[in-house]
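Just the one chain here, laid out as structure tokens, in the form predicted alone.
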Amino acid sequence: MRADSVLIVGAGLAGLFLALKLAPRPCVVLSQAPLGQASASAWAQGGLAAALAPGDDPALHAEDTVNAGAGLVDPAIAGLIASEGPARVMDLIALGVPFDRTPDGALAQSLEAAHSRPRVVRVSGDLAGKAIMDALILAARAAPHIEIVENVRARALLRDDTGAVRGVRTRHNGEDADFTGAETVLATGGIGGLYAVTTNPPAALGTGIGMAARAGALIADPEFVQFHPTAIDVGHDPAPLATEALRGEGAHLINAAGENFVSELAPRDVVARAIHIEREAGRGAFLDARSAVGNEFPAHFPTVFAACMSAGIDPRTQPIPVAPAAHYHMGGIVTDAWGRTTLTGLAAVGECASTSAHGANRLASNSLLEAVVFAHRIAERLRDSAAPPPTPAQPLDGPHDMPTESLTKWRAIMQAEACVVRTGAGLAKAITQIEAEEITTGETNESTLIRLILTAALARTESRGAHFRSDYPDASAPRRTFLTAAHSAASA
């Protein structure tokens, strides 16, 4: 690699958008699979939220973001992503993303949960993520300043004698290979693969957060995991998703008796718990879009329609069985407003980062927005910055790889003890189990992250946003959680 290259670990929306925005500065993008195949960005159905419509305003979008975050969103960051969002949508349009249009040519915008205005831009109803990734992949492959390296899996950060991050150690076909850079940016995505029921790709195991934590980076709010209320409950792994846009179009949530039991456009944590309660009580939970969408399903929501039909469900004539599933991680590697982490030479962007934008409960379709806004800001910071002098760098010891059988076991434990409803006893038991596991198999990036999630969830003796403790059902004073891998914590 050239000494001035920026190393981007991850090739989802955040990583590829950052790479394109860095032009003409050279960069190398590492992808653990062929482009588009292991990225949750390509699976995003709802779209991207931005205040673009007449009658809407970034201040209203920021207010909705703060309200959804249950007291833990930084208003300044909410204002930042809301104000910069419209320009980033224009960037995506310039890259060829075919967002849906109204008959008069304006951007079509849908209403999703906890938004006060319709402001979510979509593609063919539920194909926004795929369309965005297709456009970015095409542009990135054609860009002369971008080198793409596929099928390499990052395992550990490289650090020099001063402690600065200088790259990553990767694994490819059983062999280790080191990649160095003037700055390293983690864009490694989410953690849904740590749960038995998830809408995320299997590779979404929080590797980037685990790597950063093991190197001493500060981690914030790992206990806040958002469970999408309406994964399609047909026994698939990962679970296909019934986009929130269906509820925005008027689909209703009903139980087996046909009774509506929750407001469809309530915040996601409220809807997820309501569905969990109905299912636990044996009443079942279903998304009924027969009247709202009906025969328009194939054209308006092709992804959902195909997933249902492949499982023997015709959503035009049958309610869709749904269940909450691990979907998005609000916590992550602490960054400032320009993407810097607490480690020199390391930035983070996208779902692996904690920017204070989402608080305890992400506002629907703000994830893609946050990714492009902060990718743009990191590019602005790095595009013309001077590269540090090259220095020798070494990885941290290890880590070990988590055995497949251990991962399967931990997905079941996380589903049972750290899911929609949690208890202190269950979390404490799981912590004891993961500590025993590490004695046997050694510390892994995944086990480090699991410990952080469980430790933070046990320490938060209240219910707030996506974190619900049945033994502490009420909220206390708002506070954020900050931890390192050594489990030291502080509040702010």
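Residue numbers here begin at 1 and follow the sequence given. None of the values given here were measured: they were computed from a predicted structure.
From this point on, the text means the form predicted in complex with succinic acid, which you will not see here.
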Succinic acid contact at Arg377 in the predicted complex, heavy atom, 4.5 Å: no
Partner contact for Gly465 in the predicted complex: succinic acid, 4.5 angstroms, heavy atom: no
is_contact(Ser41, succinic acid) in the predicted complex, heavy atom dist at most 4.5 Å: no
Contact flag, Arg268 vs succinic acid in the predicted complex, heavy atom cut 4.5 Å: yes
Joint contact, Gly46, His228 and Ala364 to succinic acid in the predicted complex, by non-hydrogen atom at 4.5 Å: yes
Interface stretch in the predicted complex with succinic acid - options 364-372, 289-297, 89-97, 204-212, non-hydrogen atom within 4.5 Å: 364-372
Residue (of Glu183, Glu223, Asp233, Glu112) lying close to succinic acid in the predicted complex, criterion heavy atoms within 4.5 Å: Glu112
Interface residue in the predicted complex among Thr243, Thr341, Ser356, Asn200, criterion: non-hydrogen atom within 4.5 angstroms of succinic acid: Thr243
Any residue of 291-329 that, in the predicted complex, places a heavy atom within 4.5 Å of succinic acid: His327
